[in-house]
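Encoded as structure tokens, the following chain is the form predicted alone, with no partner shown.
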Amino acid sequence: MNPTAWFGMKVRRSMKTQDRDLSRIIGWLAGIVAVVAALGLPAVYFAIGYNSMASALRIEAEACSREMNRIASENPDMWEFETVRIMGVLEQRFEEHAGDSRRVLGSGGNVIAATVEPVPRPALVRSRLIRESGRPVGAIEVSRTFRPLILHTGLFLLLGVLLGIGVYLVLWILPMAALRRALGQLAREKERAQVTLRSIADGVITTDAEGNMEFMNRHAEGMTGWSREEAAGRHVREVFRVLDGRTGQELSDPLAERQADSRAGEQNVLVARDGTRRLIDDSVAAIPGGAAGNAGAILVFRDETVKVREEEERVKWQKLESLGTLAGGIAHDFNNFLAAILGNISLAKQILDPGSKAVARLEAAERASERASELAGKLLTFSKGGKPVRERISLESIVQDSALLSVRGTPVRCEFGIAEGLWATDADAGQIGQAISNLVINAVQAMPGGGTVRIRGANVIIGQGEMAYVKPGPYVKIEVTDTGVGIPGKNLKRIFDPYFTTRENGSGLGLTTSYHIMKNHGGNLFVESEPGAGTTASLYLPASTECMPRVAEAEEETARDGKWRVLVMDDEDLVRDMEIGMLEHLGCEARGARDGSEAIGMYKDAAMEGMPFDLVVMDLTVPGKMGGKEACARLLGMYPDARVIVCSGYSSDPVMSDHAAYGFLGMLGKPFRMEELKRVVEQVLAFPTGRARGKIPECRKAGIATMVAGGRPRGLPCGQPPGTGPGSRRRPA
């Protein structure tokens, strides 16, 4: 039976029970009203008649008393003997057909005079004092029988009974018909309300005035772990166990404390029957009614766990982006200075005698510069310019090499469990190795007395909605597990904050860098830990289910002997002079330019003189002037066979991660040593350009097309064969 039909049957059964109960109530009410009507009519008549009779007797007694006062005042001592006058007063009638009985009493209570008409009992008597000069000297009594009033009251009682019967019938027939219509409408509304409460996304619980469970919808059942039948009649604090979001203490009376608590936007923790904890946003409202003005309460609560975690994820990423902007700017200048330092050290080592004591000092300075460069690299990793240079790689060797290198010289050993056929991924091998290394180093530091780091790798497919913060698709999952001291709960939320560390010698950048690397690769990093039980870090990298490409040896044109002419463009004098010195040491003829415009002018002048440059090294970022990206585009527009190398310590553009798409044939990251410069220069000089091939390489065509407006290279007339332009010069044999 579906929930809607079940609720309909439940509601109709409840309505029948209410119908019987209300029928009895209406019958009793109709009977009470009928009895009140039957007895009320004669009672009202009797009360009115009695009050009227009493008022009339009081008036008669007052009138007779005034006359007797006059007689007593005229003859104070002998008034009692004026029988004729006294009888005259007694026989006076102020009300027609009164039927009163009157008598005058002396000061001793003896009867002085009286009317002879007998008054049948029961009778009503009223008396007034007779005064002479304010002194009571006797009294007068006036009495009247009740019999006529009782007779008339009996007649009215008969009429009242008839009226009561009529009232009973009216109140029974008409309200019952209206009641049944109202109950039918109420049943439909209640059924609709029950179905609505069962279907809404929030948990709903209703209780009676004592806090006992009456109703809960299916979402409340799912979140509390109690079914409606099991929870019925139990106190709400047994089913709805809540911990205060601020203190962590369990609320002894959730309804009373939440009704009195006006906090808005704060979450509490719901503890389910199986111990599962959820962050909830709850509210309680009283249901008015009952003897005490409160017929119960309705409790509405929503699972906020996913929302809170998503907000934490968003804030965490915003922190990294803010730091990345700052880090990128610092790293740019820092790498420029390091480039000058490390380059000059490398150049000095080439000039000095290898056995010189100065060489050892220079090597120490070189190592210090390399460590500074590593720190700058970490900053760049989560800066906007530290974009991954992607290539199709297999993670197995990268994970093993990075992990083994990180535990070298420590009492910790690695245990690997890499699944066979691990998928490849398009990623930056250096950055992925750095992320793995950071996690393993953290594991080593968590086990100062030694232990085992278990590293697992597996292929996983994440379905739609299966995992928060991870898009559906194939992933390579790498787990790094240690058996160390674990991370306290209060610190677990802050582990990705930049520079947050609990270790004396820690930098606070390891996990931050690893997290940023994963996010830049379209994956994610999760950390689970229990104090004393170790920590597990899980990396998810988007996988490529295609096979690893076959590595083909590049067709290279061996650089022939000769003195190559190189143009160096850099806005920093120290860096530019250092690069020129390195190139001259390599046997090249080098000249310098401060920005892109000057470099293009020098290149054009050299080409017009018939002594073109064989190679251009351009700094990517020149504040306030033309940088390498724009200068390369313009230069290739005029001279498509120009060979250009991009050189930078930082850039917010993706040029460094995909330099070929922008027309560059090589890339140098600052700082660099003599060996790196030599390797890149030789590779670029051996690259088969348009002059050697008779055509422009496809990758350069794409780059030029996106950067040069108009589509036709400038400076080279249409139809002129490649290799015959002003930038073409035959190398010496």
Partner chain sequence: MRVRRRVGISVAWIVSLFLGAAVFPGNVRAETLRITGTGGAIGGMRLLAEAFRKAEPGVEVILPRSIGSSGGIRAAIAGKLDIGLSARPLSAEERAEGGRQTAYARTAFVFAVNPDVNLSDTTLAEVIDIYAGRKTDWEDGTALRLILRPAADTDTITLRKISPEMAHAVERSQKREGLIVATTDQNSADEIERTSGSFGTSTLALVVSEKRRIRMLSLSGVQPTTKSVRDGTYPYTKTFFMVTRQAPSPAAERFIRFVRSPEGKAILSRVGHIPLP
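Positions refer to the first chain, counted from 1. Note that the structure is a prediction, hence the values are computed from the model and not measured.
We do not show the form predicted together with its partner chain, though everything after this point is about it.
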Within 4.5 Å, heavy atoms only: does Glu304 come near its partner chain in the predicted complex?
no
Look up in the predicted complex whether Glu80 has a non-hydrogen atom within 4.5 angstroms of its partner chain, and give yes or no.
yes
Its partner chain contact at Arg241 in the predicted complex, heavy atom, 4.5 Å
no
Flag Arg85 as yes or no: does it have a non-hydrogen atom within 4.5 angstroms of any non-hydrogen atom of its partner chain in the predicted complex?
yes
With the partner omitted here, the residue among Asp401, Glu74, Asp605, Glu391 that in the predicted complex has a heavy atom within 4.5 Å of its partner chain is Glu74
Within 4.5 Å, heavy atoms only, which of Ala340, Ile112, Leu299, Ile280 is in contact with its partner chain in the predicted complex?
Ile112
